[in-house]
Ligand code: NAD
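Take a look at this single chain, the form predicted on its own, given in structure tokens.
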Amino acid sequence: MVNKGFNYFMPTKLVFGDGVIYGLDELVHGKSLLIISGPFLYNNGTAQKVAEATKIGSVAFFHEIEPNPSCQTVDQAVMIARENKVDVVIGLGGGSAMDVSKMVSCLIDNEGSIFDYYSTGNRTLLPRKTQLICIPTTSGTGSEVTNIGVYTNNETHIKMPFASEFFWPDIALIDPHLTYTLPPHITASTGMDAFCHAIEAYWSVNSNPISDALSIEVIKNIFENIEMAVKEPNNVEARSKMSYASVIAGISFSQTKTTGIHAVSFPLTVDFGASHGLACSITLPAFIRFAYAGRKAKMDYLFSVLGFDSMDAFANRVETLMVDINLPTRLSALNVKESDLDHIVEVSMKAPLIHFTPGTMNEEVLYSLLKSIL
């Protein structure tokens, strides 16, 4: 029963299916295109293939996207976009490329640097005129259907999310075929990132009946398909279902935001070099056990729907699944030591989304949680 009011807003056009990139020419509306990607997708020709599909004559490429993209990288891409008078931006790749594309598409139509708007900046973005299309090549981040970008300031070593109503992509184009060549370790880490998105949306203090329904669907789907996608990379059905799970998880957490798992992931990526998916999933079993007390009735319902008779059975299954797909479940695998925990806690507690976690989350509680998985 719905016992509280809620809002739901999803302005992005969603196009899903094998081969949908070849219909890009019917979706773009502009004369000058910038494709933002990492070096791999540029060097293997995927970025060029996407550009050709748009049938736009003037095309520029920015392919220097790094994991956990920096504010400095954003400004470099903006300079190229402005020089080429770009009016269509395509973010192609994982969350890093898509997050950069969001800010770049806005800064084309706004003056200054990302630093003028992000973190300690005091300027406000004006409406975006540039068309923004996001095309994921991994099954995990869900950035193609959210209004959030995450950027790292290389000078302060602080990684923080930035939300804007102008970050919603105009079009999210999900072509599962683009994920078929993902190596097993990326399939595993990005897939469990999607799992984290779904369960955090489910237990978030901001959850609503629509996000709950979407999250349950995602968790069930990932349980059934991720191991096959990792161990049988040519299994087209498993790959497609993981792409589906990823975008649905993105839609779910776009409404609720994430919680403590993602707050802790910030220092684990910046200071210990973990990929985003790994930095999230490594604390997942511990957060399941913690969040249960604050969402007991909801979590019991989730367990029953998925066929588990207790919280421990569910958490143990998640941990076993992670081991089976070669993901670590202990912070020591990232070279985290007990002497590092105070710093991780301090940085994590500065992220506002830590307080969307059910239950009382403070420095002592978080320290204890992290110490339990050293």
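Predicted model only: the values in this text are computed from it and were never measured. Numbering starts at 1 and runs along the sequence shown.
Omitted here: the form predicted in complex with this ligand. The next part is about that form.
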Q. Taking the shortest heavy atom distance, is L41 within 4.5 Å of this ligand in the model of the complex?
A. yes
Q) Hey, in the model of the complex, does F253 get a heavy atom within 4.5 angstroms of this ligand? A) yes
Q: Considering only heavy atoms, tell me if D99 and this ligand come within 4.5 Å of each other in the model of the complex.
A: yes
Q. Wondering, does T137 line up within 4.5 Å of this ligand in the model of the complex on heavy atoms?
A. yes
Q) What is the one choice in I171, V150, I219, M299 with a heavy atom within 4.5 Å of this ligand in the model of the complex? A) V150
Q) Of the residues T179, T283, S204, T73, which one places a heavy atom within 4.5 Å of this ligand in the model of the complex? A) T179
Q. Any chance P69, T146 and K159 all have a heavy atom within 4.5 Å of this ligand in the model of the complex?
A. yes
Q | Heavy atom contact within 4.5 Å of this ligand in the model of the complex, the stretch among 189-197, 204-212, 113-121, 226-234 | A | 189-197
